[in-house]
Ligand code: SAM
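Okay, so here's just one chain, in structure tokens, the form predicted alone.
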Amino acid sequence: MPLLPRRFERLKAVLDRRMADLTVLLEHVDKPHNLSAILRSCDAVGVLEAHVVSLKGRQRTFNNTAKGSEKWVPLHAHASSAEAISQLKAQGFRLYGTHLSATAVDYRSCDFTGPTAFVLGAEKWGLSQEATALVDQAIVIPMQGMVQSLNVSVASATLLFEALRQRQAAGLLPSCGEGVPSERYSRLLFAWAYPEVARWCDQQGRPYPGLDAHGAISEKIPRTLRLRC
């Protein structure tokens, strides 16, 4: 079925506002409700992708809380927190870990306008000692009641929307795709518009066909590909 122009414009408008320099790293956050809610917040804020380190043997699943956001915010799995943190630091991210300690600072005192990754652990255990030692700054969300922490999905939303607020105030929110590298932008837009064709091209090792201004595939493609549109 051909892609409707209004659908293409919607996909493009969302991708235009995505931010590749804002992300979350979730350590052992495997409950479907929490994982789903966090990805929904990521999508709402404009996070391009998220990262996860799961407990051994745990399968990542989502529930209705995600509202399909897992399709729009890829969740990259890592073998260990050390590996994930190393990769993010190599990409220029500054990592903020939610951890109640003597060195932790109020999250509102931090600058999240640069490449930022929030590292959050499961509610029961919090961040591991390994992750705590590797993050650049421990942060806390001050509590006024008897309970000393928020649900992990609520905490992630609080942090992400603070980063969004800071970037908006600084005039740094992308609006025309500048938040995503151009080559990656083109591939993502095609994959969002024609996911089955994109999967087929990936399997065959083919480049993605081009798109015209209305979102239609502009190149001549094999009949087997046309049937997937």
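All values reported here derive from a predicted model rather than from experimental measurement. We number the residues from 1 along the sequence you see.
Unshown form predicted together with the named molecule; subsequent notes refer to it.
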item: The named molecule: the contacting residue among 73, 127, 135, 117 in the predicted bound form [heavy atom, 4.5 Å]; value: 127
item: Single option in 95, 157, 110, 140 placed near the named molecule in the predicted bound form, where near means a heavy atom within 4.5 Å; value: 140
item: Contact label in the predicted bound form: residue 100 to the named molecule, heavy atom within 4.5 Å; value: yes
item: In the predicted bound form, residue 150 touching the named molecule (heavy atom, 4.5 Å); value: yes
